[in-house]
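This document opens with one chain alone, in structure tokens, the form predicted alone.
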């Protein structure tokens, strides 16, 4: 068990493929536990960063400490670091039990202990009935959940998940999110995903990479401070004059209304932060006789992502 207080510390990390700089001066420090998001456009360097942390790629420049190990691939990390690639591939004609038992043996665990670990992981993703079948019989969603199962075998202390809910139906995606949140109570979980609204619901911290550079990192509150989106369900359909009155509020950056649904982007960069901005909006609504029936935070992380990556013309979910 790592007692240093840091699950991951990266200093001056740089990586090239030939003449192309893929990562440039990455600095990142993360605690022992919690769920962290890693986001950025395709080609930004996320997969390369994951591969270096996992020890799949040689460390070219900089330093990287993982748990209590001084470098990736160190023997101290055996069985403590787990990875789920975006497109994890399993043998089609070998039983899932045998495949997962083999993976546990690579971590130095075998016999009854390995069998228990495999059964527990498969139960957590509702695939325990598939243990004695090959991956050929699994649907895409089941295959995705099998990838999650292999990543949570045993008691990993650092888990890297690449698009863990991509292609899952809403029920299975919610189940996987629940597993991730539970895992984050005892391990450091880093999740790479293009579904920023979903990611916003489960992460505590986030880092945004663009063109090989880490353009922002910190708590979700810190990174989204300037860009907070709220979605409101109203008791009435507002008039154009009422909408104009709300639009004139100092902290309102953008507003749109469809029927009784209102979406508002707030500037929360002042000292009072999001509370001050939201209070101003709600006061203006009550003054205009617009009763809010329901309020929830929308895609604030997406708004920050688009601003920081300069990619405001494209929805990040399409990349």
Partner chain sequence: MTTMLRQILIHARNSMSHSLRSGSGVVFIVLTILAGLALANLAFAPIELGFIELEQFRDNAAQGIGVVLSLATLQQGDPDSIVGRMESGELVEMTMWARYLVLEKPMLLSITVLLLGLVLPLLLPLGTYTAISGDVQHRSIRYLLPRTTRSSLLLGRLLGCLLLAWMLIGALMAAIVLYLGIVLSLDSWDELIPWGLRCTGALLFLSFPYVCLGILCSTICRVPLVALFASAGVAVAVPVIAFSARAAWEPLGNLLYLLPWGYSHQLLSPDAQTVSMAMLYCLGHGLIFISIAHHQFRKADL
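Positions refer to the first chain, counted from 1. Keep in mind it's a predicted model, so treat the numbers as computed, not measured.
Although not depicted, the form predicted together with its partner chain is the subject of the following passage.
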Option from 188 to 196, 121 to 129, 163 to 171, 78 to 86 whose residues, in the predicted bound form, bring a heavy atom within 4.5 Å of its partner chain:
78 to 86
Is the gap between residue 108 and its partner chain in the predicted bound form 4.5 Å or less for some heavy atom pair?
yes
Distance check, residue 34 to its partner chain in the predicted bound form, heavy atom within 4.5 Å
no
Does residue 200 make contact with its partner chain in the predicted bound form, using a 4.5 Å heavy atom cut-off?
no
Is residue 98 near its partner chain? Define near as a heavy atom within 4.5 Å, in the predicted bound form.
yes
Can you work out which of 293, 287, 58, 254 has a heavy atom no more than 4.5 Å from its partner chain in the predicted bound form?
58
Just to be sure I understand the contacts: of 214, 153, 159, 223, which is the one whose heavy atoms reach within 4.5 angstroms of its partner chain in the predicted bound form?
153
